[in-house]
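Next comes just one chain, in structure tokens: the form predicted on its own.
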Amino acid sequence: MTKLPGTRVRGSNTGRPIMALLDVLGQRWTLRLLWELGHGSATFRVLRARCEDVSPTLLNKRMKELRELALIELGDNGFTLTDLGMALVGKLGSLDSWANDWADQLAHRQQLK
């Protein structure tokens, strides 16, 4: 069952949109698939190769969910992000930058010990 805003999700009985999004993004392989598609369209086979440990059954399930959530679509060149999906991956890019700064600061703290 696809998690939608307004429906019960992990951590929220009301399904506030942010909670629904976090629930979706917290599912195995979802973030990785969105991240990979942020680098361009890919066929099922190419996505599976990029995500070397994902089973075809789980990959198919995640791709179906992401399509139902209007984050990806299937076109002539394979799966691609929708405008909503691109906007989300753009936000994830900011988190990636923050995470890199965080990792650097933690490494620096470890060197000082």
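All values derive from a computational prediction rather than experimental measurement. Quick note: we count residues from 1 along the sequence shown, nothing fancier.
As for the form predicted in complex with the DNA, it is not shown, yet the points below apply to it.
> Assess the spot marked by W35, R50 and L71: is the DNA within 4.5 Å of a heavy atom from every one of these residues in the predicted complex?
None of them does, since no heavy atom lies within 4.5 Å of the partner.
> Find out whether any non-hydrogen atom of P56 is located within 4.5 angstroms of the DNA in the predicted complex, and reply yes or no.
Judged by the heavy-atom cut-off of 4.5 Å, P56 is in contact with the DNA in the predicted complex.
> Heavy atoms within 4.5 Å of the DNA in the predicted complex: does H39 have any?
Close contact is absent here: in the predicted complex, H39 is far from the DNA, nothing within 4.5 Å, heavy atoms only.
> Which residues in 74-89 have a heavy atom within 4.5 Å of the DNA in the predicted complex?
Those in contact are L74, G78, F79.
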